[in-house]
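Single chain ahead, written as structure tokens, the form predicted on its own.
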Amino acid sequence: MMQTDVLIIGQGICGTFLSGELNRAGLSYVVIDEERSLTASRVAAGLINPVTGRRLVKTWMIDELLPFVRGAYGELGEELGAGGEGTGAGFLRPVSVVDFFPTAQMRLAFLKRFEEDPAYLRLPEDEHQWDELFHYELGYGIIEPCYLVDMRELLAAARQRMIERGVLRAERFELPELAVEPGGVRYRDIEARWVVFCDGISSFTNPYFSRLPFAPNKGEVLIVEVPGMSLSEAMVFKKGMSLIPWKEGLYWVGSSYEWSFEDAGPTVAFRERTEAVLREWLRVPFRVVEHMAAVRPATLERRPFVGLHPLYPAVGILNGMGTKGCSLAPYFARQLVGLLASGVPVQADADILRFRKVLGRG
């Protein structure tokens, strides 16, 4: 039998940061992950935006999260050998969001928020700066600092390091083969003190956590080439949808937020609708090179699920990050490791013990 402290299920953004935090805490781990290209972590643009919604309110905990994630991505970058100057050691870079106003109401909302609380908001010096590339009649505001995570490189580098260390099993996890015992868990030839599920939408049907108020949310995106556009890697553009640097001259365009859907894959309707919006927005031609979709592990109350099961304390979860995984996963991975290593409670409004009654029904 292989002995380890933690068995991690899933190597998305949550599993990746959890493994890094365990390593720094001196706890051993094994990760089981069946590599798939279209997961929520791998399809995400990786944008960390400090304001949200039509009213441009601050994202939950953002004042605390921004300085934390700068350090967390830097630490992970150093560990994975991602060189490069600047914040995040190659995986995280600061960007500004140019927020074109789609309606007069949105312009007024931005100006009102700027007057009341200008944190993260700025007015442009020249509203005509982007006239040659975009159609916009109502001007724009600027949101900064924002951050862009290179999710593809981060996840690939973390996976390669796990393979080199011999701690990754690239296979499908079979829940019926997990035995939960008073002092830990067994899975095939692995004995661990804890198992932690970082497996995204698979937790929706996990019998240990299926009673949690998950709210699966589907997102579709297009990857487009815009030959006539040469934009800074430090700029993101938004007008209802976002246009975000992806890789090698390509841009990520999206995303949809569908709470009710029958098909989890890409749809013709989204592609046609998004292409129509791009034709009206861009002054230069574009070409679609890829169309992707994934289901996000969102929650009804828009707060993550972190901690250990009240009836089965060897079974844990780090999930439910929704669209905020890039900022929430590093923070709550550290909180969960604090619980495992030192017994420090997880923040109350993220701890799954807030659902003790529901989870305690057996």
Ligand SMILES: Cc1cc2nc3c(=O)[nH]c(=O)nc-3n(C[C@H](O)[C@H](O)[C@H](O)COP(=O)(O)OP(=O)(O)OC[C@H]3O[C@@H](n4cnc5c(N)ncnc54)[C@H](O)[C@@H]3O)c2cc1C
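All residue numbers are counted from 1 along the displayed sequence. Note that the structure is a prediction, hence the values are computed from the model and not measured.
Omitted from view is the form predicted in complex with the named molecule, to which the following refers.
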Single option in 219, 77, 216, 245 placed near the named molecule in the predicted bound form, where near means a heavy atom within 4.5 Å:
219
Identify, from the list 69, 306, 337, 44, the residue with a heavy atom within 4.5 Å of the named molecule in the predicted bound form.
44
Partner proximity in the predicted bound form: residue 36 to the named molecule, non-hydrogen atom cutoff 4.5 Å:
yes
Taking 4.5 angstroms as the cut-off for heavy atoms, does residue 326 touch the named molecule in the predicted bound form?
yes
Is there a heavy atom of residue 297 no more than 4.5 Å from a heavy atom of the named molecule in the predicted bound form?
yes
Does any heavy atom of residue 322 come within 4.5 Å of a heavy atom of the named molecule in the predicted bound form?
yes
Given the stretches 136-144, 168-176, 277-285, 91-99, which is the single one in contact with the named molecule in the predicted bound form, using a heavy atom cutoff of 4.5 Å?
168-176
